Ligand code: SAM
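Quick setup: one chain, the form predicted alone, written in structure tokens, and binding and motion questions come after.
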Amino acid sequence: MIAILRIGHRISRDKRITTHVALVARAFGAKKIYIDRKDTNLEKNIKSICNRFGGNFQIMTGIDRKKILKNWKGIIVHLTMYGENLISGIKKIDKKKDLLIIIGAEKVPPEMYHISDFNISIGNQPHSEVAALAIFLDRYTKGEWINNKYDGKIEILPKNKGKKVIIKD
């Protein structure tokens, strides 16, 4: 099971970015996202996506990050541009264990670097946490996320030109 811990969500500033983080998490195979600040609008939006497009994805906002980290029984990965190389870092992760991925909005507290089993960088240049999460999950799952079935009310079928959308009753 893969879960995401979003730290430092600033409601007025980060609503679109955090929404995109949650959408990437869901689409790329995560089952949960924990967000440290309460945001009922964000919860409502993501639950609406899940209701329409399907999937078993949970969003929880206003959580106590210290409690989540203390009680986590699996591997903790912190995505940071200061971390170990993506390819070599992923090879070291025990894929039989649950995975919690920490991503920040604002500067993360220094203890995140110490509490994590792995600090992994997607690159050592400033970049988006949305891109970092997508690239990490794609590499971690070896692209298998693309075969996930969601069984939603709306299904988009691959097509070279035009759109093919199925809406189920």
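Residue numbers here begin at 1 and follow the sequence given. All figures in this text were calculated on a predicted structure; none of them were measured in a lab.
Quick note: we don't show the form predicted together with S-adenosylmethionine, though the next part is all about it.
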ask   = With the cut-off set at 4.5 Å between non-hydrogen atoms, does Ile35 touch S-adenosylmethionine in the model of the complex?
value = no
is_contact(Asn56, S-adenosylmethionine) in the model of the complex, heavy atom dist at most 4.5 Å = no
S-adenosylmethionine contact at Ser121 in the model of the complex, heavy atom, 4.5 Å = yes
query = Looking at the partner-bound form in the model of the complex, is Leu79 within 4.5 Å of S-adenosylmethionine by any heavy atom?
reply = yes
key: Per-stretch contact check against S-adenosylmethionine in the model of the complex, the hit in 139-147, 126-134, 38-46, 24-32 (non-hydrogen atom, 4.5 angstroms)   = 126-134
note = Only hit among Ile68, Ile115, Ala105, Cys50 for heavy atom within 4.5 Å of S-adenosylmethionine in the model of the complex is Ala105
